[in-house]
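Okay, here we've got a single chain as structure tokens, the form predicted on its own, with questions on binding and movement later.
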């Protein structure tokens, strides 16, 4: 039972990691707590579904359409709203709440509140001793790890990654050094939005697609980002695994209904005893 819960938690944590990584990249570069991130995720899941149904694409090809559509939507709001509020974190936070509600209710207006599913084949679970492994879950973990690895390579070994880290460290110094902040912000949004759309597709593949899909995972993702050290990409991944495994272990003793409350408890304890997170502030932008 415990081993199965840990395995389930790793799968769930891998998806939360994608969401938390997007949140923390945006925060590290722009100091924005983007509440709309969860609804970008929902939009990505629906865009993939609409592409698979309307254009008769396979789910992997439809996912590419969903990622592109989510990036276009997010860049639209960046140009329209966030670019003008870059110096006001509170105003940008309030604006992100408004955008979240706008995107969510636009989805409800178009698609309704009913649940949808991707046209994916059903696979029989593999049994290894007492452990039950669903092939879809393995694919979810593999895709999440691949996306996280790509973000790591981008941040560590490319010029754009170095510019993002420089702006995150000291925006004014980066500007004086000739780094174009506008290009860094666009790159930041493309990375975060692609991660959100991918997480939406993976969540939709594991469960069902519904208008509150992103909202349901937003709090655990925020908790993971803060647990790891807000602004630290690697801390966000570590925090996501802790949150995911803790939530699934908790259901061994409490009702599934209270599963999400575990993220709140962990978040509260972390803020109380170590507000800088597991990896600390000094590592926040590296």
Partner chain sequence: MRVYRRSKFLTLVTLAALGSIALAQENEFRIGALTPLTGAGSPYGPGMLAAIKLAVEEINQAGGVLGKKVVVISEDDQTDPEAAVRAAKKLIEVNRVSAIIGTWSSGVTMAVLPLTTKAGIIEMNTSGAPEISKIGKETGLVYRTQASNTLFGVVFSKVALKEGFKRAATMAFNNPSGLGNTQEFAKNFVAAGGVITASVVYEGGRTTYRSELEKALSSKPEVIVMGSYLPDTTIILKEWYQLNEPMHFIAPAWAVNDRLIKSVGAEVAEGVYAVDAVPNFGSKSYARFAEAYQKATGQKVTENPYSAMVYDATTVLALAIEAAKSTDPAVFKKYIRDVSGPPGQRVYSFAEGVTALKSGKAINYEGASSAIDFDESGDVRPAFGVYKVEKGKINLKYIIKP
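So that the term is clear: the rigid core is the largest set of C-alpha atoms that superpose within 1.5 Å between two forms. Numbering follows the first chain given and starts at 1. Keep in mind it's a predicted model, so treat the numbers as computed, not measured.
As for the form predicted in complex with its partner chain, it is not shown, yet the points below apply to it.
No residue in the set 31, 161 and 272 has a non-hydrogen atom no more than 4.5 Å from its partner chain in the predicted bound form. Here is the short version: of 170, 117, 149, 79, the single residue with a heavy atom within 4.5 Å of its partner chain in the predicted bound form is 117.
Note on the partner interface in the predicted bound form: the residue among 134, 75, 101, 181 having a heavy atom within 4.5 angstroms of its partner chain is 134. Put simply, residue 205 is close to its partner chain in the predicted bound form: some heavy atom of it is within 4.5 Å.
Contact check for residue 1: a non-hydrogen atom falls within 4.5 Å of its partner chain in the predicted bound form. Its partner chain in the predicted bound form comes within 4.5 Å of a heavy atom belonging to residue 113. With a 4.5 Å cutoff on heavy atoms, residue 251 counts as touching its partner chain in the predicted bound form.
Of the candidate stretches 170-178, 152-160, 186-194, 122-130, only 122-130 has residues whose heavy atoms lie within 4.5 Å of its partner chain in the predicted bound form. When two forms of a protein are overlaid on their rigid core, residues whose CA moves 2 Å or more are considered shifted, and residue 259 is one of them between the shown form and the other one.
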